[in-house]
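Have a look below at one chain only, the form predicted on its own, in structure tokens format.
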């Protein structure tokens, strides 16, 4: 079937889920909507009902459809499926169970994954609703779970879980060199001018690298906006497409980066730096100091600038008509200012 409208998408996905998972004589879609329209993948939510042993059953499903675009790195959806399958079955992390990976792009227009829908709500931290929620959450249990799940992720034995079958393992001595090279590649590809501040930032990162530590499984986008919440608990951790075996201090620096809290004194609008460090160190078997995390905050601020630079280049020179690129590109000045502050300008 050619997908021409939302009704077609609902019908195709319902039939697919029935054939691959439920296998009932008849199912009814009682709820369907598209949950994401951003730069990330397209996400569809379905609630289906069917009969079984003279009773009615209902189940919610999430369908994550791969999205291609200029702001999106090439993704291996099969790898994502395999990693989520391991994390949901073999760890205590609140990760959605996955049911099917489909590589046939003709079904709904691209590859997709069918997974469990975890109950809970996500919040945009800098929105009015998000700030209100995290102000309350900062006084309850959520802030502790936020930290404990990150520590649990970093403590996973990726070898025994076979995650190293799906994620490359690099020598920790060259890991940071490779991360800096990736950022430099983006800068050379998308820069408009040679910017002395950005050159200085790269040289600072190369000169001030902290001593390497054993690598761990890291999320690479661990922040309050990528979690689900219900009442006073974290119910789900989302957006695993950037997962890698890397330096766990990279995740810690990301949590602490100013771009993830702006004017809030709380890390990710949720927890003080001191409490975050204290709770985290209770659950991991390695130590770090303040200057280590400062290094990774500089790294992330430079990375945030690169994201804005990339968006501006896509709009100005690549001919994009997506006005979101203008908005993101406009933020490059702010990102650069915050980077200058970190470097002591």
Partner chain sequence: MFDKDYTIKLISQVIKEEIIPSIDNSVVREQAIAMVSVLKNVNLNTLQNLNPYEEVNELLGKELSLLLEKVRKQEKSESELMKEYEIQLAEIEKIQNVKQKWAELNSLFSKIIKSLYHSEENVEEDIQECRRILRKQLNIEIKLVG
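Positions refer to the first chain, counted from 1. Remember, it's a predicted structure, so these values are computed and weren't measured experimentally.
The following text describes the form predicted in complex with the partner chain, which does not appear among the structures shown.
This chain is drawn without the partner chain; in the predicted bound form, the residue among 194, 274, 181, 76 with a heavy atom within 4.5 Å of it is 194. This chain appears without its partner; in the predicted bound form, the one residue of 116, 200, 177, 85 with a heavy atom within 4.5 Å of the partner chain is 200. Here the chain stands by itself, but in the predicted bound form one stretch of 77 to 85, 204 to 212, 250 to 258, 168 to 176, 204 to 212, has heavy atoms within 4.5 Å of the partner chain. Although the partner chain is omitted here, in the predicted bound form none of 94, 122 and 130 has a heavy atom within 4.5 Å of it. Within 4.5 Å of any heavy atom of the partner chain in the predicted bound form lies no heavy atom of residue 40. Among residues of the shown chain, residue 35 is not one whose heavy atoms approach the partner chain to within 4.5 Å in the predicted bound form. Of the heavy atoms in residue 11, none are within 4.5 Å of the partner chain in the predicted bound form.
For the chain shown alone, residue 320 is a contact residue for the partner chain in the predicted bound form, at least one non-hydrogen atom being within 4.5 angstroms. Scanning 319 to 345 for heavy atoms within 4.5 Å of the partner chain in the predicted bound form gives 319, 320, 321, 323, 326, 329, 330, 332, 333, 334, 336, 337, 340, 341, 343, 345 in sequence order.
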